[in-house]
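A single chain, nothing else alongside it, follows as structure tokens in the form predicted alone.
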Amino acid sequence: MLISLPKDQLSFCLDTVEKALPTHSSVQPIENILLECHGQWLTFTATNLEQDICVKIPNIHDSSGRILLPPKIVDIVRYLPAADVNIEISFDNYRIDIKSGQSNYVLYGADPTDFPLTRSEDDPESILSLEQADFKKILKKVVFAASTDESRPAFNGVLLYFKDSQISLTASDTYRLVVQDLINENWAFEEQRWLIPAKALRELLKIMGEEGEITISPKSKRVVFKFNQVYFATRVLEEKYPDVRGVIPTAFKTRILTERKLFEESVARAGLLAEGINQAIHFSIHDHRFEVKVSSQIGKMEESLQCTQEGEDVEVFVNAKFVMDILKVLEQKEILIDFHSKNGPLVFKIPGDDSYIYLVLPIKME
């Protein structure tokens, strides 16, 4: 069987599916990449049994066959000359001959019989279609707040809640919380909840493009994302996600409006001196001045920013990283911050947009 592809196209396929290869696995076949040739189509697939990634592209040679490619092929193709790549496969001994420019490689693949393929041609119709660029922006504003602590599996996911004309995305690690609401009068969803692993969505972010649509489909206990030539499926977490909206305050004691970029730069400088697991920095609001401070064994720093203030003066300690995470993903010129005394949460909002909130618990200092 002969395959001929431009190096860039082959690298795209292999680099994309590589993100689903397991780090360690007792199931030997899934340590490899499945290559399938069906007439005029080539399909590359990898799985770690929790998520599958598949890329389907045209094949100029009318050939058929299946083989497991060793993962080392990803690096080999990455370093080939920028030219066409010819791959000849012998199914008698699963020998793979790779030629590109003056480079020649011989690799040995494996029998694909035991590869656990979960993808099917009869996937359900999508219930949602969005522009990839828009969906990337939405995910970036949400997924960072999900927990990476495996001992609290429910918080390892991002909750997608569908009802009527609204989708709500929620993520939390119990120290902070993001809620993003999307509303479209043309939507008409049945009420349903999907708790999608945040680590899968982080991988999805890496391979999504900026052009074209992405469709989202439920499939039993999995969710399927399709875009360009890519099929991305991930299992749905079965843990019950708690109702976290009840912790969001309905009124503020102090509200400020300040320039986001200057605030981001100030917090970044303060974070250079923040220490320990809490990375504590100090905010002080008084007389329409917003002071960012830090004091640690390394040294001290203090800056003053202009702001518009409503309500009483307040001082609070907060994790510098938690603040930077939100400032880096927003693009607006200004940001609203609601304070609820020194021990109450900080709630970050986009001016004029009630569909997004980011809540952070303060650090209680003795």
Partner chain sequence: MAEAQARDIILCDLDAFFASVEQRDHPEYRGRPVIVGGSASSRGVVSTCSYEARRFGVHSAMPMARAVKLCPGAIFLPGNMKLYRAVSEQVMALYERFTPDIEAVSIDEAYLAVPRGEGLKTAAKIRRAVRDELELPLTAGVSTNKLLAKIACGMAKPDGLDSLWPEEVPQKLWPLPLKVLPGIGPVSAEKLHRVGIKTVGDLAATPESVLVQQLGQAAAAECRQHARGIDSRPLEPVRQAKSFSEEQTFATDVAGPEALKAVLMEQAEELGYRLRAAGMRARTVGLKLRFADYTTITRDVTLAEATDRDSEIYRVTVQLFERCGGEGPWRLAGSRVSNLETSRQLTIFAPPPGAVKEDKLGEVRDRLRNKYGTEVLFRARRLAGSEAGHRKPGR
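Numbering follows the first chain given and starts at 1. The shown structure was predicted, so the numbers you read here are calculated from the model rather than taken from an experiment.
Beyond what is shown, the protein has a form predicted together with the partner chain; the following relates to that form.
- A residue is said to contact a partner when one of its heavy atoms sits within 4.5 Å of a partner heavy atom; Ser26 fails this definition for the partner chain in the predicted complex, lying far away.
- Although the partner is absent here, Gln180 lies well away from the partner chain in the predicted complex, with no heavy atom inside 4.5 Å.
- The partner chain is not drawn, but in the predicted complex it has a heavy atom within 4.5 Å of Leu361.
- Using a 4.5 angstroms threshold between heavy atoms, Ser126 stays clear of the partner chain in the predicted complex.
- Put simply, of Ala188, Val106, Ala82, Ile277 only one has a heavy atom within 4.5 Å of the partner chain in the predicted complex, and it is Ile277.
- In summary, among the residues Asn32, Gln309, Asn319, Thr43, the only one with a non-hydrogen atom within 4.5 Å of the partner chain in the predicted complex is Asn319.
- Contact with the partner chain, judged by heavy atoms within 4.5 Å in the predicted complex, is confined among 328 to 336, 294 to 302, 35 to 43, 58 to 66 to 294 to 302.
- Not one of Phe135, Gly209 and Phe225 is positioned with any heavy atom within 4.5 Å of the partner chain in the predicted complex.
- Contact annotation for 228 to 245: residues with any non-hydrogen atom within 4.5 angstroms of the partner chain in the predicted complex are Pro242, Val244, listed in sequence order.
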